[in-house]
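Form predicted on its own, single chain, as C-alpha cells, below.
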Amino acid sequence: MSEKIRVVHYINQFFAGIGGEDKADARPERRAGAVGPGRALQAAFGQDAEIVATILCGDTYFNENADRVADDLIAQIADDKPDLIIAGPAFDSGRYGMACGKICVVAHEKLGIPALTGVAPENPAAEVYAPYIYVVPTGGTAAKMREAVAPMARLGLKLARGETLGTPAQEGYLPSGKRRNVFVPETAAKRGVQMLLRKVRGEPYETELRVPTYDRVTPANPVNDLKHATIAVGTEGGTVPTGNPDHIESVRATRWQTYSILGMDTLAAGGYESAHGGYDARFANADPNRMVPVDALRVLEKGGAFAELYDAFFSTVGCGMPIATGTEIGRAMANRMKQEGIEGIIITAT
C-alpha cells in the first residue's frame, strides 16, 4: 500500500450534479478526483487518504442493470488500484443505498478491497447489506452529510490499514449479525445482576444481546360478498392533481388526501402527477392509471367483479415515511373508509 491511501468513491446522479429523478437513467461514468460529497469526504480524510477517482451512475439505471453495471464499474475501479472503496452516503434513499451496497460487495468479493457505505438505519440497504459489508448509520437526509462522512472516513482508514476493529458500538457501524467470543473479567451472572440494578435505578445500561422485535399486524378479514361490495383504490405513490394542491410532501410525508373519480373511466394524462420523491415518475405521469388503475377497475366494476368503485382515490407519499407516521395515516384512512361504507381497498406502491 502506498503511503497515502488511495480511495475510489461511488455516488449517484444527484450528488454528481447531473440531475434528480429525471436523470436517474444516467449511464455509468468515471471522473478523476473527488466530486460533490466526495469533497467533504476528502476533507475528513485530511492528508491520510486521497480520493483518486469517483464512479457514478443513475439510481434507476443501476438498479435495473445491477449485475452488469457493478461489473463494469469494478473493472474501472481496478484500473485505479485503490486501497479502499467508499459508497455514498445514501441516507434514506432506497435505490441509492442498494446501489452503494452492491458496489461495495462486488468490489470486496472480486478485488479483495475493503469497502464500506453509509445509509440511514431505515434504508432497506441497511438490512440487506450489513451482514456482508461495513455500513455506517447516518441521518435521513443530506443535511446530515458532515455528520455522516466523518465516521465513514475514520472507519475507512482503519479498514485500509488492516487495523483490528472493535465492536459495532465502538467503531460506529451497524451490527452484522455475527457473534464473536471474547473473554471478560466478570461472569455473566454478575454482569446480568449489575445490568438489572442499573435498570432498576434508572441508570444507563446496554444489553449484551439485542433481541429483534417485530410488529404483529393481524390480517384483515376477507370481504364477505365481493360482488355486492364497495371497493376503493389508493396509493402511496404520490398521485395527485397537477400542481399538488394539497402540498403532500415528496418525502417523509405527513399528509394524505382523497381525489374524486366520480364519473371517470380513466385518469387523464396531464391532469395528474406524482409528488413522490423516490422514483422516476415519468411513466406514472404520462399515464396516471399506472399508479392508480382507475381504467382497469372500471372494467372490473362493469363486469360485476364488485358492486361499486368508490368515487375517490386515496393518496399519500410513502418515500422515507417513518413507521409511526404510516400507522397514523393508515388508521385515518381506515376510519374514513368505515364512515363511507367501503368494504375493501386496493393499495398500490412504487
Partner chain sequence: MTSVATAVGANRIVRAGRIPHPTGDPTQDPEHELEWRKRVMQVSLDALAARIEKQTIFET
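Residue numbers count along the first chain shown, from 1. So that the term is clear: the rigid core is the largest set of C-alpha atoms that superpose within 1.5 Å between two forms. The structure presented is a predicted model; accordingly, all values stated were derived computationally and were not measured.
Absent from the display: the form predicted together with the partner chain. The rest refers to it.
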State yes or no: in the predicted bound form, is some non-hydrogen atom of residue 217 no more than 4.5 angstroms from a non-hydrogen atom of the partner chain? yes
Residue 45 near the partner chain in the predicted bound form, any heavy atom under 4.5 Å? no
Please check if residue 293 has a heavy atom lying within 4.5 Å of any heavy atom of the partner chain in the predicted bound form. yes
Counting only non-hydrogen atoms and a 4.5 angstroms cut-off, does residue 223 reach the partner chain in the predicted bound form? yes
At 4.5 Å between heavy atoms, only one of the stretches 48 to 56, 31 to 39, 63 to 71, 277 to 285 reaches the partner chain in the predicted bound form; which one is it? 277 to 285
Mind listing which residues of 321 to 347 have a heavy atom within 4.5 Å of the partner chain in the predicted bound form? 344, 345, 346
Did residue 169 shift 2 Å or more between this form and the one not shown, C-alpha, core superposed: no
Tell me, please, whether between this form and the one not shown the C-alpha of residue 78 is shifted by 2 Å or more, with the rigid core used for superposition. no
Rigid core fit then residue 225 CA moved by 2 Å or more between this form and the one not shown: yes
Closer or farther: how do the Cα atoms of residue 177 and residue 323 compare in the predicted bound form relative to this form, given a change of at least 3 Å? closer
Since the C-alpha distance between residue 323 and residue 132 changes by 3 Å or more in the predicted bound form, give its direction relative to the shown form: closer or farther. closer
